[in-house]
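First, one chain by itself: the form predicted on its own, in structure tokens.
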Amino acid sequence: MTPTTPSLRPLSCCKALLRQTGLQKPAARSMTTYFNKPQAAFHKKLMRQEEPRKVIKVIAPPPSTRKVYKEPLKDVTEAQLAILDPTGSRTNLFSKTNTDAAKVGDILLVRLKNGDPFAGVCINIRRRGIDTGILLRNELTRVGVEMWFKIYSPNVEGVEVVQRKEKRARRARLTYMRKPKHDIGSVQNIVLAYQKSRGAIRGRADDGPVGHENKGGKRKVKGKK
């Protein structure tokens, strides 16, 4: 009768082998998922060397005009003023550096190429370069009228100072003159006296008041009936 112990030894060896193979499978799987950073970077570098490099055409930027035109808006304004006001009289009339310049509170007369002249009290001066404008207020047919005028407009033939304010205004905008308490009313009589003193209406009795329609009428001449 053969003993039983020798027959169990090979079975035990098989079990040990099966255990080792079972342990090796997870180890092999973990080795496949392992990522080696230096090695991966090296492979990427090789792949980049093998790929042909694309030549990108770089277009040079246009030459800068900053050195030539340091203040382009100022240059454009000066060029426009040279065309619209070649003598510089209108610029000097509303310049802050000029002591005899027109100020708010003065009575101004604006002559237009297309239209009747308009006179009124200057209640606002807006200095905006070529866009410089003045706001005049007058009373026509007992109704207060305000009009903006661009001093550099081609339609403006000229601007005259009829009467200056006795005391300099302490405000930049005389909007309080719209109230009945401070409104000076019509400036028609002041403008007529100014025109007579300048000889503007000598022998022109048929001209109507500034800002109104002409009423007509015959002109009287001395020595004739």
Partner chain sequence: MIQLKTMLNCIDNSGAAVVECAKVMKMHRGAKIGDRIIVVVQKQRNFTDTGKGTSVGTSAANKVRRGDVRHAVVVRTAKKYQRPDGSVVKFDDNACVLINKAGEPIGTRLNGVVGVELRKMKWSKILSLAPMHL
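Residue numbers count along the first chain shown, from 1. Keep in mind that this is a model prediction, so the values were computed, not measured.
The form predicted in complex with the partner chain exists for this protein as well; it is not shown, and the discussion that follows is about that form.
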| item | value |
| --- | --- |
| Proximity of residue 118 to the partner chain in the model of the complex, heavy atoms at 4.5 Å | yes |
| The partner chain contact in the model of the complex: residue 140, any heavy atom under 4.5 Å | yes |
| 4.5 Å heavy atom contact, residue 130 and the partner chain in the model of the complex | no |
| In the model of the complex, residue 98 touching the partner chain (heavy atom, 4.5 Å) | no |
| Site check 144, 148 and 153: each within 4.5 Å of the partner chain in the model of the complex by heavy atom | yes |
| Option from 189-197, 153-161, 168-176, 62-70 whose residues, in the model of the complex, bring a heavy atom within 4.5 Å of the partner chain | 153-161 |
